[in-house]
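Given as structure tokens, the chain that follows is alone and in the form predicted on its own.
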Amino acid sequence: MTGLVYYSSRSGNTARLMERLGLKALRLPQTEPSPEVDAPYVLVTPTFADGEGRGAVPKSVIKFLNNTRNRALLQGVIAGGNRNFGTTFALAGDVIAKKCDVPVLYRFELAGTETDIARIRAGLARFWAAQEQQTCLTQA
């Protein structure tokens, strides 16, 4: 399986989800310089939108994706949020998907449920298998 990169705020919801997933992942720092990745990855991020949807993508994620190499290796996004915010639920995923031309693979609430964990694991396995198959076909 290829990599996961995630951002988690001080609330720790995304970090708890990632811990329960048990998959190797790179955590983006909240304040330090952004790392550079060297392999395809799926980004997991919370949403920080106001009532109008402004500010949905965390600043650390924006900084990370402003690096052209990091953006080029992005394959998909998984977004978290809170359903109490209605139309802005997991909006960061939609914003990133549109700007980076990648699919939103999944949306979860807060730190996710056991069902979310199982679906994300299974979905990522299918996604990376399909990506690998596509790569093999284009190289043939």
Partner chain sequence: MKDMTQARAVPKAINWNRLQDDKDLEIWNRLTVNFWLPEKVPLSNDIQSWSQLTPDEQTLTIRVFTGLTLLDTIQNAVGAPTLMQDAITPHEEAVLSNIAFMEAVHARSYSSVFSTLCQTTEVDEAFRWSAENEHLQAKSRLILDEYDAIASPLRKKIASVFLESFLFYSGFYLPMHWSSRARLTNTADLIRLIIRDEAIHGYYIGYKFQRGMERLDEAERKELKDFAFGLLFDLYDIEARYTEQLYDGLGLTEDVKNFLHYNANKALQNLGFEALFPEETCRVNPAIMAALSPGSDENHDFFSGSGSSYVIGKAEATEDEDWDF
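Positions refer to the first chain, counted from 1. Quantities reported herein were computed from a predicted structural model and do not represent experimental measurements.
Note that the form predicted in complex with the partner chain isn't included here; everything after this is about it.
At least one heavy atom of residue 97 is located within 4.5 Å of the partner chain in the predicted bound form. Residue contact check for residue 40: none of its heavy atoms lie within 4.5 Å of the partner chain in the predicted bound form.
Contact annotation: residue 86 falls within 4.5 Å of the partner chain in the predicted bound form, judged by heavy atom distances. Interface membership of residue 82, defined by any non-hydrogen atom within 4.5 Å of the partner chain in the predicted bound form, is confirmed. For the partner-free chain shown, 100, 101, 102, 103, 104, 105, 106, 107, 109, 110, 111, 112, 113, 114, 115, 119, 120, 123, 124 of 100-125 come within 4.5 angstroms of the partner chain in the predicted bound form, judged by any non-hydrogen atom.
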